[in-house]
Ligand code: GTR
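Have a look below at one chain only, the form predicted on its own, in structure tokens format.
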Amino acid sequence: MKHHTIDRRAALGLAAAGAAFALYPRGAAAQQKLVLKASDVHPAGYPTVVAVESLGKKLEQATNGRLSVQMFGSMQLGGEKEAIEQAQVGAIQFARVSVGALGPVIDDLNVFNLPFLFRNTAHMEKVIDGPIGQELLDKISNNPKAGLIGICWMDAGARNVYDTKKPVHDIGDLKGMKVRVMGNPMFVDMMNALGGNGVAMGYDQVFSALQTGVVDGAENNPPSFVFDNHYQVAKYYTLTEHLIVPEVLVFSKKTWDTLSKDEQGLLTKFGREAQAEERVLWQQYEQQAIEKAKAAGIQIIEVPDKKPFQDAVKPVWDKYGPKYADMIKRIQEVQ
């Protein structure tokens, strides 16, 4: 009996495919429905995921269902590096990735990884919303080797230091503290310059490393600190805002080139809207995290004077910054 249902299903599937094909004869290839695959490492409900899903709904409406988006969140299609590679070959269309993951492909983006590049989150938002933001997206789109189109930026908050030992009120408090950073030599150098010991390790190992004292602290945005449960072991969260690195949504150039000018225009337009929408979602999400941390008795420490921190990372700027000198100057001039 079982086989019978499978056969019937297959037959129905074939019939449906035949009917669809009859509706769109070969000459009308432009009418064929296209489901655009999107990848994100974050789970359903996360600001970046919701913003891309919303872009998909608008696209579906505007194209009468010809284009739609299917979201694969929670690393279903692999990490960010894999998502970039899949978009490059056209296996997926949208990849929402961090600048850290895209930096090796488009070096110009690495300027955003410099510590204390932005005065605060508002400064970063002005930059990505303005001509510099567009110019860097164009650098992605116009890079013949990349095979990607830059669609929009997305906020990912500011990274702050948290630890299990004591409140960090000033730069002296970091002295000798072992702090986990992302596996980028620049971030290890940054932590060392601040007086701590930078320890590069995979994100999945941070919780147990904090628990067992392999590291004394780590650094991340409030939602990661809270929703990934690091706040259960690290009781001090200091608003250093040493890294404010936006994330980026890219699209497969291979697929882009098959779309009409109108469809490309819609993607660009809805991309700009997604950038604004994700920001609102992000601010709410971050607020929820901070409230949850406070309710759990986490000490949240403001840094009254960031200047000593900013001065301390000068060697990092001297080492990594020279090739971005013009861009740095332009970013600093944004008021």
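Residue numbers here begin at 1 and follow the sequence given. Note that the coordinates shown come from a computational prediction; the quantities given were computed from them, not determined experimentally. For clarity, a rigid core is taken as the largest C-alpha set superposing within 1.5 Å between two forms.
We do not show the form predicted in complex with the named molecule, though everything after this point is about it.
For residue 164, no non-hydrogen atom is located within 4.5 Å of the named molecule in the predicted bound form, even though that partner is not displayed.
When the named molecule is considered in the predicted bound form, residue 220 lines it closely, a heavy atom lying within 4.5 Å. With a 4.5 Å cutoff on heavy atoms, residue 255 does not count as touching the named molecule in the predicted bound form; it lies far away. In the predicted bound form, the named molecule lies within 4.5 Å of some heavy atom of residue 96. Checked against the named molecule in the predicted bound form, the residues 182, 136, 226, 174 give one hit for a heavy atom within 4.5 Å, which is 182. This chain lacks the partner; the member of 189, 263, 80, 216 within 4.5 angstroms of the named molecule in the predicted bound form by a non-hydrogen atom is 80. Stretch 38-46 is the contacting one of 267-275, 38-46, 303-311, 57-65, since its residues have non-hydrogen atoms within 4.5 Å of the named molecule in the predicted bound form. Counting a residue when any of its non-hydrogen atoms is within 4.5 Å of the named molecule in the predicted bound form, the one hit in 201-218 is 203. With the core held fixed, the Cα of residue 187 is displaced between this form and the one not shown by 2 Å or more. After superposition on the rigid core, the Cα atom of residue 199 is displaced by 2 Å or more between this form and the one not shown. Fitting the two forms on the rigid core leaves the C-alpha of residue 121 displaced by under 2 angstroms between this form and the one not shown.
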